[in-house]
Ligand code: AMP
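The chain that follows stands alone, in the form predicted alone, written as C-alpha cells.
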C-alpha cells in the first residue's frame, strides 16, 4: 500500500540526515527530483547527500544546486534515511550506490513507474503522475515544507523533461496548475526552457545524422526504429545524455505507433527505449517480457546482445501486439 504524505513527512521530520538516490543514466526527472527534495530538506535544517552512480550529466549542469550531485563514496555513508527517487527497481540505483547505503535501515521509495514493486519501507508509487517531480511538488506543498529557488526550478525541470515539455498524454490540469504556481513563486520559464531545449553540443547533431542513417520503418509504417553502436559512440565522443529525447523524432513520424531505440553498451548489453502512441500497445508490458519496465507509453530494457538479435526479438513481440489489436 502507498504510504501517505503524512507518513513520509513523519520520517522527514524525525530524521536528521538523508541520502537521496536516483537511477543510473539519470535524466531530468531523476536529477531534478534529487535537487528538489534535497534543498527542501536542507531548508528544514537536515543534512543531505545527493548521490547518483553515474554522476551529473553535462546537459543538466545548468541547474541551480547541480554541483551537489556526487558519485558514491568508497565507504559507507552514515545517514538516518535513504530516499530512492524516480527509480523503478532497486538495482537501477547502481551497485556502488547500493553498497554505500545498503546498511541503512530506513528506506523511502517515491516514484511514478508502474513497474515499481515497492522496495522501500515506505513507498509512494503514483503511476498516474507524469513525473516524480510532480509527486514531490504535491508532497512539499501538502506538508508545507520549504520551497527554496533550487527546489522550485528543479521541480519544473523534472516535470518538463519527463512530459516532453508538457506534451505527453500523462500531462494533466494539475501539471499546468503546478507550473503556474512555480511561475508565481519566481520561476523564469523562458530562461529555464532555453537551457533545457536550446543548448545542445554539436556532437548531438552529429549523432542525429548517424541515427537517421540507420532508421528503418516497418510493419506497414507503424514501427520505426534506429540503432546506436559502440563504434559510433567512440567515433563521435558521445556521452550518455547526448541521446536523451532523440527517440521523439521518430515517434513523431506520421502513421508510426511504436518507436524503438536500440543502443549498444559497454560489456555487450543492449539498451532498448520504447515509445508507444497507443495504450493498447503497452510499452511497459512489452519491456517486462525482457526484464525491463517503465510506463504504458514509455519504457525500457537492458538485455543481452548482440544488437541484431535483441532487435529481432523485441520487434517480434511488438509485431505480435500490433496484430492482436487488429484482429
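Positions refer to the first chain, counted from 1. Predicted model only: the values in this text are computed from it and were never measured.
Only in words, not in the display: the form predicted in complex with the ligand, which the text now covers.
Q: Could you tell me which stretch in 49-57, 285-293, 64-72, 34-42 has residues with non-hydrogen atoms within 4.5 Å of the ligand in the predicted bound form?
A: Careful reading of the contacts points to 285-293.
Q: Given that the ligand is not shown alongside this chain, does residue 113 nevertheless sit within 4.5 Å of it in the predicted bound form, heavy atom to heavy atom?
A: Heavy-atom contact with the ligand at 4.5 Å: present for residue 113.
Q: Given that the partner is absent here, does residue 276 sit within 4.5 Å of the ligand in the predicted bound form, heavy atoms only?
A: No - in the predicted bound form, heavy atoms of residue 276 and the ligand never come within 4.5 Å of each other.
Q: Under a 4.5 Å heavy atom criterion, is residue 88 part of the interface with the ligand in the predicted bound form?
A: Flag for residue 88 set to yes.
Q: So in the predicted bound form, does any heavy atom of residue 92 sit within 4.5 Å of the ligand?
A: Residue-level check for residue 92: yes, a contact with the ligand.
Q: Between 299-318 and the ligand in the predicted bound form, list the residues on our side with a heavy atom within 4.5 Å.
A: Residues within 4.5 Å: 299, 300, 301, 302.
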